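To begin, one chain is listed below as structure tokens, in the form predicted alone.
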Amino acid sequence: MVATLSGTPARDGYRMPGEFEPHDGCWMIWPERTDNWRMGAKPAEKAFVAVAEAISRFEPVTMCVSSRQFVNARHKLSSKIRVIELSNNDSWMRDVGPTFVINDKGGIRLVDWDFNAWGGLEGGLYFPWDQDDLIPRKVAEITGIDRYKAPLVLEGGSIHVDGEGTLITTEECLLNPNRNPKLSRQEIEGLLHDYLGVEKIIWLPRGCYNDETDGHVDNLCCFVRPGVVLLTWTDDPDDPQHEISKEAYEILRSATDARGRSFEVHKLHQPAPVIVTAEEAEGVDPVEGTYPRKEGDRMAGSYVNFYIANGGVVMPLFNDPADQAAMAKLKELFPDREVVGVYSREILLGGGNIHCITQQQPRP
């Protein structure tokens, strides 16, 4: 029987490991919403299949699918990918799924955060989100892993940890009044300590330009390993992203982590601005209360939004001249992992990228 635990992970000796630590597998959710994914989500399906198959080369993948899409997904995914029926509102497993925590005795538990679709009724991206809010509880039942229920609205894409006590996030997201308006910065820091086992929090002011998630850090900056971070970058002073990245770079360069180390900061140059075309905008069904897709909008394209798997890195590609330089940089920073690129424009059109649609389950 799966227990809902009292107490907190930190008090019980648990911590969130870094994504670069070993995994037992990866969780994803099948795309379906025609008010977010164009052309009946068929182009998005192909991108999700490509990501799932790439990750499955390195670790087991579970794809969660609605009852309506189960047969379709099972047909399109290879037999090595597990497909299970799980109700959902949309397909952002990073943000709606659980955060797994481990201890040094072989234990694993999960944290079930509150989810309000990136802002609830004050800027949220869709309604309702009731099925997404239940996903961590259902994952606990499927896996038999006990869970903590955290009293905090938080999406997994809004945090990155080094597994050694340091967390990076953005003020734009975690301090946004549409998430936890009754909590102060200090109270939020306390809950992050209690439920993730972190000791030090690095606050970056803003996420990527035009990121509809209110600036998730996983599109801007991530840990390569403890003490080493990767930051999205542009040299163009006329690009709004330049000021955002420069500000973050200066903060990271002057900060130290929970172990007292200065950060080694690497720049990962972004693709050229990715703009929604008329055809792409027209392919989405307009629904009141859902974030609109409009021709001419700039999307938050970033190579930082990759997934670290066991022995691999699965990164987004944009058919941009910067693709090869970004891939070369990741190969340099992850010499012991195979870097695999997946063309991910269709995922970006839905509002995120490869990291956003995946959630790792660490190995105890």
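Residue indices: 1-based, along the sequence shown. Nothing here was measured: the structure is a model prediction, and the numbers come from that model.
Just so you know, the form predicted together with a further copy of the same chain exists too; it's not on screen, but the next bit is about it.
Which of 243-251, 218-226, 287-295, 71-79 has heavy atoms within 4.5 Å of a further copy of the same chain in the predicted complex?
One stretch meets the cut-off, namely 71-79.
Could you work out which of 86, 231, 196, 159 is the residue within 4.5 angstroms of a further copy of the same chain in the predicted complex, going by heavy atoms?
Exactly one listed residue reaches within 4.5 Å, namely 86.
- Given that a further copy of the same chain is left out here, which of 259, 200, 137, 266 has a heavy atom within 4.5 Å of it in the predicted complex? It is 137 that has a heavy atom within 4.5 Å of the partner.
Check your understanding: Going by a heavy atom distance of 4.5 Å, is residue 141 a contact of a further copy of the same chain in the predicted complex?
Key -> Yes, residue 141 is a contact residue.
*With a 4.5 Å heavy atom cut-off, would you call residue 324 a contact of a further copy of the same chain in the predicted complex?*
Contact with a further copy of the same chain, no.
* Are any of the heavy atoms in residue 67 no more than 4.5 Å from a heavy atom of a further copy of the same chain in the predicted complex? -> Contact with a further copy of the same chain, yes.
Point to revise | Residue contact check: residue 178 to a further copy of the same chain in the predicted complex, 4.5 Å heavy atom | key: No, residue 178 is distant from the partner.
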